[in-house]
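Taking the form predicted alone, here's one chain by itself in structure tokens.
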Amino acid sequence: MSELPVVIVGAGPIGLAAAAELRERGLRPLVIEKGSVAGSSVARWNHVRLFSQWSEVIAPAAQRLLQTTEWVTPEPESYPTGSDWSAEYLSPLAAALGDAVQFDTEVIGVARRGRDRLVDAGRDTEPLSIHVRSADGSEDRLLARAVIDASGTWSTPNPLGSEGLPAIGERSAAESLEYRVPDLADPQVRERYAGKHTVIAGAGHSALTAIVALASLAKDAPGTRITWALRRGGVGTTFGGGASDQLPARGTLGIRASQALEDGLLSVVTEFRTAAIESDASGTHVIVSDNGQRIEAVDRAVVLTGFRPDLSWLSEVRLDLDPTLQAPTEMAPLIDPNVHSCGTIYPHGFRELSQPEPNFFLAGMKSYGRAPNFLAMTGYEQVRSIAAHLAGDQESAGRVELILPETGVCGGAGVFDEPEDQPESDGGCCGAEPAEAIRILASNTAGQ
């Protein structure tokens, strides 16, 4: 099978980094991307600035590849927006990889050639079979020596309902709900929220970002109201460490969100676990908690309650996932958000990411399941270890080393761009998918 490619699902930051690592080691990568551009998920939050500097969101192998082209290295200590990350890094990286990246192609299933998940024989000798669908609806099958699933979690946001299921009435109210931070710089989006009552659900950095953006709108658009629905019993430390935060951009975000509360631009409802959304003929809604609390006259809701992995197209490969986090079982105790922030995640590589299905790996945000504490730097080290393992360099594969920020940012998007006279630290995100993910995160981050 050595002549077959290593198929990577998702052309986001982690998927493209995996391709660069594999190519550097003389292996043949093939990146399958559902979108039409590299980092198509990143493109959907291009208005958001990352918490991390450029130096922390460029993969080492990718940088070495790009330096063989006419690529201009971004200023390492500046903070990119999602748009910057895509235009100045992801798109040039995909171009440098050339035919190794296949766009407008969706992976709809993975299996072992000629075998469903029940068959034991041949699982370590037959190649993996990847079923794909092109934009025109045609389907095909690809064979691979290994598969790295770096498709992220961006396409599967958590619902508003507090039980992990959509609240009663949530589906019918879908046109009034947004599951990502809205881009209020877009006049059409701004019009949807100006002068309206918006409920924000979620307690992470994405929620703080939305609060800051909508509070700014409320100063300019009379009648704009913001209600923050929290499941916890109080605001507590939700605003973060402020001026004492070791990551200034994150601290600034919390300060600005806290100021919105002090200025009376934000109302907070605590111990609110959404059970239902009731709609009336006027087009407004009532959001109802399972303890009977009601938020009346709601025009829109921004649901920032996290993301989850889409496992539906992996039904025929053998997975060993933690029953709580839906992350690889060996990974779960290393990333448990009840114990760890991003900065206390233990280094991990191919061993923790391997699955019972031979040569099948989860990487990037997908490998964290529902845990939100992912950093792009973590994903870059994951795929470096996987690539070394597939190349037969077990010494390098097992030598997993990673130095993270001591107060590592856990998920969420940052603030919107400010005028040029604002400090660069008025940013956000950590290079993960912007979710109570990513989250950004990386976004993300950020794959198929």
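One rule holds for the numbers: they count along the sequence shown, beginning at 1. Source: prediction; values computed, not measured.
Missing here is the form predicted in complex with a small molecule; even so, the following discussion is about that form.
Can all three of 33, 107 and 375 be found with a heavy atom no more than 4.5 Å from the small molecule in the model of the complex?
-> Every listed residue reaches the small molecule in the model of the complex, so yes.
Contact between residue 71 and the small molecule in the model of the complex at 4.5 Å, heavy atoms?
-> Outside the cut-off, so no.
Hey, in the model of the complex, is residue 385 touching the small molecule, heavy atoms inside 4.5 Å?
-> Close contact is absent here: in the model of the complex, residue 385 is far from the small molecule, nothing within 4.5 Å, heavy atoms only.
Taking 4.5 angstroms as the cut-off for heavy atoms, does residue 9 touch the small molecule in the model of the complex?
-> Yes - in the model of the complex, heavy atoms of residue 9 and the small molecule come within 4.5 Å of each other.
Check whether residue 350 has any heavy atom within 4.5 Å of a heavy atom of the small molecule in the model of the complex, and answer yes or no.
-> The answer is no: residue 350 has no heavy atom within 4.5 Å of the small molecule.
Stretch from 392-400, 46-54, 22-30, 62-70 whose residues place a heavy atom within 4.5 Å of the small molecule in the model of the complex | This holds for exactly one stretch, 46-54.
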